[in-house]
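The chain below stands alone, shown as structure tokens; this is the form predicted on its own.
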């Protein structure tokens, strides 16, 4: 990791804190650790350097009580947790509204799902101002402020208005859309200028960076972009803004260690005992229309129709993790998925001998998830669009024997890195995905191991700690020529190649 002077701190800002805060049955506050790659990567950095994590605690209850509980629980951690208070109306219009009914679908190329309610934009700006006020009170001039994701794109602008002159970085965890899609946003100019108030803007892939560069070239006057490699430079007036591609990853070694644990191995044995003499295909996704689950189910059905030799020799385990069920579109999506599973099983089940799809709608424990990763010979990771998709990387890391096959959507950010090992598919191409399922099923052991070994080697090299380190180095480096294109990320085709 890069060195840092004692006076410099890292201030991490995200929509949510890395801990879940809620009241228990005894009416007392309970704090449980959050999960995910961001938490895994940044908490050790904050413990090492000292710093602050700012975010919403997940409740609209009074903030004073929560602040004290967070301070007490984190007293010896070496960093502070600072909550941002939100009202019910702000959660509705900022989080559920602008963030998830405007930016989320638009940036995933699904603009038909957008609700461009003008009140959403107004509250989005107000909430970003709230975050900026908390940051301004907590920060010092030498701090580096690292803001995360689409909920907080306006924070740098609000901080500059408050007179904050610290270096501010931003990382977008979801895709950035192409110019023709971005133009549909009514507040497109305001949002672009807000992003350019950051000193460093990070994207998941070269394609996302290219899309952003095309947008600012087309829509922002007097801007020039130059350079090559991982980090470019945009001159905006008298300011320099750095624009880079930093693909987020996982803690590879931890996954290997946990995937070889006794509990996981026992669960793998049980799974193969219940479903013997067949290859298992895994689909595990949060309930979201960007994940392409109905398309995947139709492709699986197509494979069963066109390749009858798969009958009784293959089983799809589709796990859907509950998410945003109170939103009508998500409730309707769940209904669609469950109806499709029922129809496919009704069409192909052999009584007492074979059920083609085993479906679960629930959260998994860590041990259960790792057991499914290890037990399933094939993974179907086929989102319609994804910023990265860490499930693909987790699956590969957990493939200890390197005999598994990853079928991966070419529209997932991870495809740029894993293209040399995965079977890339277009999730809209039903027959193409069905053919990939059959290809994976008949693939020999040597080819499986070669493909998986290449992917695991790359994930090990570009792990979550590489991601943190490369972003922070790009923020302070004087010589950007030290950031060439990552060799594993150079795409085979020009679809992801930035035009600079």
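Note that the structure is predicted; figures quoted are calculated from it, not measured. Numbering follows the first chain given and starts at 1.
Only in words, not in the display: the form predicted together with a small molecule, which the text now covers.
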Residue stretch of 346-354, 124-132, 318-326, 270-278 approaching the small molecule in the predicted bound form, non-hydrogen atom distance within 4.5 Å: 318-326
Contact of residue 363 with the small molecule in the predicted bound form (heavy atom, 4.5 Å): yes
Contact test in the predicted bound form: residue 173 vs the small molecule, heavy atoms, 4.5 Å: yes
Distance check, residue 291 to the small molecule in the predicted bound form, heavy atom within 4.5 Å: yes
Contact test in the predicted bound form: residue 382 vs the small molecule, heavy atoms, 4.5 Å: no
Position in contact with the small molecule when the complex is considered in the predicted bound form, options 248, 425, 102, 303, heavy atoms within 4.5 Å: 248
Heavy atom within 4.5 Å of the small molecule in the predicted bound form - residue from 282, 241, 195, 390: 390
